[in-house]
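Next up: just one chain, as structure tokens, the form predicted on its own.
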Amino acid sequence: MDFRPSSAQQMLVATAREVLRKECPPELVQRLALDPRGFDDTLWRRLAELGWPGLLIPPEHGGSGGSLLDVILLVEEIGRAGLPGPFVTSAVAGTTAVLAAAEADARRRLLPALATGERLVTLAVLESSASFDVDAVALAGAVPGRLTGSKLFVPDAHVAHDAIVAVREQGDVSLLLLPLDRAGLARLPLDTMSGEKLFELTLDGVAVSADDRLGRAGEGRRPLAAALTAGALARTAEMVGAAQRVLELAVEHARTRVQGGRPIGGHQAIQHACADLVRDVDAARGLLYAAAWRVAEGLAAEADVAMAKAYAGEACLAVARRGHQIFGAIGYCEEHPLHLLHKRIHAASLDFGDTPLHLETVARAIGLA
């Protein structure tokens, strides 16, 4: 099967790499990681001008009508550059939920602003179980009514305008689209190692009505699963992109770092270590592209997505750790990009399901669970 990007996809990747090289240098990434807001409005507007937030959205709603595979190729470049911000949260996972759940009127109302990047949404799914399994949603909700409870590890809630909140209603999952400035809703920042911005979302008697529904009561399982699938693939692409950058940095260092009168890349141990990096990055990328293609084509892909996310979570972390061994102490310095790439890979490996959760999915697919 040929997974080489089309000419249009190659142009998208080339444009993304050049724009991110100019607009998102390592110095900006490091500064935003330490910044409490961690979001650059000017950079986001630049990306919006390129149409990136609307890549998944149909042309009739102001988007490009691209496929999930297009998005994955773009997010791989985002991961390579370490771009901070709500792209995966809003333009991938959140937009997928809206596309899958919203009625026609709601799509016409919501999608144009999402396509231009003027409106940002986030997903509020996780609870005390910290599980991305759809069946783990326990927050009770009745519409109309009031919501009381909390959601954990909600990304980018400080810059998002709305949260897609998963609730348990009529024995199944429903999705509500709630403005984050609604009375009774509070955002509590959580400390993270990677500089990503996560929040606890607390709901204290938040009033909800039928107008807040994203889809019909008790029919949120399918759109939520679609959003989690898109998010898992996007975070896998981020890991692959970051690991690719680690590989590039490590090979460059091995060629130029002279010790004992010769480049360290002249030693077989370093050569084999760099070869390991190539193997792990390429294998993770192959699984990612295969899974994204199956989803984009509407084929059964649950096990493929799980394999890609589980494998990349381990392989890309191995790349980061081996990169530290090649670089030595300098790779742990705050001024060097390696430490932040490592942290971003680690964070992405946990988001939208960690390795054990996805391995359980693979086990079920082969009849063992």
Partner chain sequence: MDFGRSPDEEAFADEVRRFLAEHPPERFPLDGVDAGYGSGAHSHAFMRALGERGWLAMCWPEAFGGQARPMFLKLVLLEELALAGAPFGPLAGSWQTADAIIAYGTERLRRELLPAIARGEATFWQGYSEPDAGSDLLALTTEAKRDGEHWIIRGHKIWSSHAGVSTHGLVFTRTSREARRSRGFSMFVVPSTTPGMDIRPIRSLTGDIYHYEVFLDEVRVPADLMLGPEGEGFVALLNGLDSDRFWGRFYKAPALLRVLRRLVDYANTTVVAGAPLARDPVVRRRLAAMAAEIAALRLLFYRAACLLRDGAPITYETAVAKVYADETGQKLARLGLELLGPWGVLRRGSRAARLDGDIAHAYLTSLGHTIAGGTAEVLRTTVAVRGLGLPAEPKAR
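This is a predicted model, so every value here is computed, not measured. Numbering follows the first chain given and starts at 1.
In what follows, reference is made to the form predicted together with its partner chain, a form of this protein that is not presented.
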> For the chain seen here without its partner, which of 258 to 266, 187 to 195, 103 to 111, 155 to 163 has a heavy atom within 4.5 Å of its partner chain in the predicted complex?
Replying inline: 258 to 266
>> Whether residue 29 contacts its partner chain in the predicted complex should be assessed with a 4.5 Å heavy atom distance threshold; does it?
In response: no
>> Can you work out whether residue 271 and its partner chain are in contact in the predicted complex, taking contact to mean some heavy atom pair no more than 4.5 Å apart?
In response: yes
> Is there a heavy atom of residue 286 no more than 4.5 Å from a heavy atom of its partner chain in the predicted complex?
Replying inline: yes
> Could you tell me if residue 69 has a non-hydrogen atom within 4.5 Å of its partner chain in the predicted complex?
Replying inline: yes
>> Which residue, 182, 146, 222, 279, is the contact with its partner chain in the predicted complex, using a 4.5 Å heavy atom cutoff?
In response: 279
>> So its partner chain isn't shown here. In the predicted complex, which residue out of 206, 228, 126, 254 has a non-hydrogen atom within 4.5 Å of it?
In response: 254
>> Need the contact residues for 347 to 369: heavy atom within 4.5 Å of its partner chain in the predicted complex, sequence order, or none if there are none.
In response: 356, 359, 360, 362, 363, 364, 366, 367, 368, 369
